[in-house]
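Quick setup: one chain, the form predicted alone, written in structure tokens, and binding and motion questions come after.
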């Protein structure tokens, strides 16, 4: 990190190897030019990364509000702790845009208050988390993809728009140890229900019928095992001729190191976790012929970290109930959209997410009717309706910590400048401490 001063006395700072936490690529080679509390330049960042860094402003106003009125952080911690400890069915949700250190504190709070803990995984790649437990995952790092991958497949994923540096930094364009010619050494396959911008980069584009991912994947599984199929039935079910599927399978078998990246186009359509299971099973089947791996293309900057942290602490990646004193996993019952829609939760802690803006109407209505705490760097519909809202520092720009890339590789954060607001970790640490004290008092009073 280099610093200097301009003629006006403003401190100029260069932050090398900064980490972008906008998406799951978590690019850690960004060079930031910082003037005071403003990021002027973000070299090597993609269009989304540049928007993330260059449009960052510290939220004005107090760090805490209680019932929309300014309050001290200490008063907010006290009120929040009492809301959570007095509740019979408290829930904790979000976490995917917080560092792992803060996520650990949130899971600890859930344990102390006997609540449920859930992440944004439940509304994106939750079906993949269920499939991993049922089928297993043949996986690798993005570094191995760069160095070895010669067949790169994207299923229900559009990285050209969702992860702009994916092609250039990890999967298609870079030159690797066993792919010295970069793009020329790779075959790109994209399977989707529509022709996305990513399809322009494909050597092979297969457009399948909407809601027919399961049938398409099982077609490939059958071809991988040499099972004869009815051409008319395959085309009517998948929208693609059997000959095209057979050609794809021949290329997959001929590859040396194949990779399938899959997105929400697979996990959030009809079939959900069954789709993910079919793709993971196909990947496993392919290892009878060559080396094949699969990875979900994750969205939020640290949603992979949230899955890891919740799994370390509970044994499950999301939608975990700790109400009985031990973890129970049941998506559809303990996931937040469901606990709110079924009007079961009576208090909530929302960390770095905005369910008021994107949850189903019944869930939003019930959330508005119960006391809840919200942590976010910006004002959102969720923070506006919170009983206690904390304005916190932005992770990766104002705070240190650890995040996990989409391939489960931990990446350290290098902040550009400090924020006057506390971090997620600061708030959750203080809240955990106060919750433990109140729980101890409750225990003593009942004994």
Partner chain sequence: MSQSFILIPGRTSKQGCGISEGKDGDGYQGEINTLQVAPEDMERLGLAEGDQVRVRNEHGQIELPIKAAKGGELPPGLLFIAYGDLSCRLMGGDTHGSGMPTSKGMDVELEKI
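Treat the numbers as computed from the prediction; the structure is a model and nothing was measured. Positions refer to the first chain, counted from 1.
There is also a form predicted together with the partner chain; it is not shown, and the following applies to it.
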Heavy atom of residue 359 within 4.5 Å of the partner chain in the model of the complex: yes
4.5 Å heavy atom contact, residue 52 and the partner chain in the model of the complex: yes
Heavy atom of residue 269 within 4.5 Å of the partner chain in the model of the complex: yes
Close approach of residue 405 to the partner chain in the model of the complex, 4.5 Å, heavy atom: no
Of 327, 331, 176, 371, the one that lies within 4.5 Å of the partner chain in the model of the complex (heavy atoms): 331
Of 33, 378, 37, 44, the one that lies within 4.5 Å of the partner chain in the model of the complex (heavy atoms): 378
Region of this chain that lies against the partner chain in the model of the complex, out of 157-165, 225-233, 68-76, 107-115 [heavy atom, 4.5 Å]: 157-165
22, 265 and 273 each touching the partner chain in the model of the complex (heavy atom, 4.5 Å): yes
Residues in 200-238 with any heavy atom within 4.5 Å of the partner chain in the model of the complex: 207, 210, 211
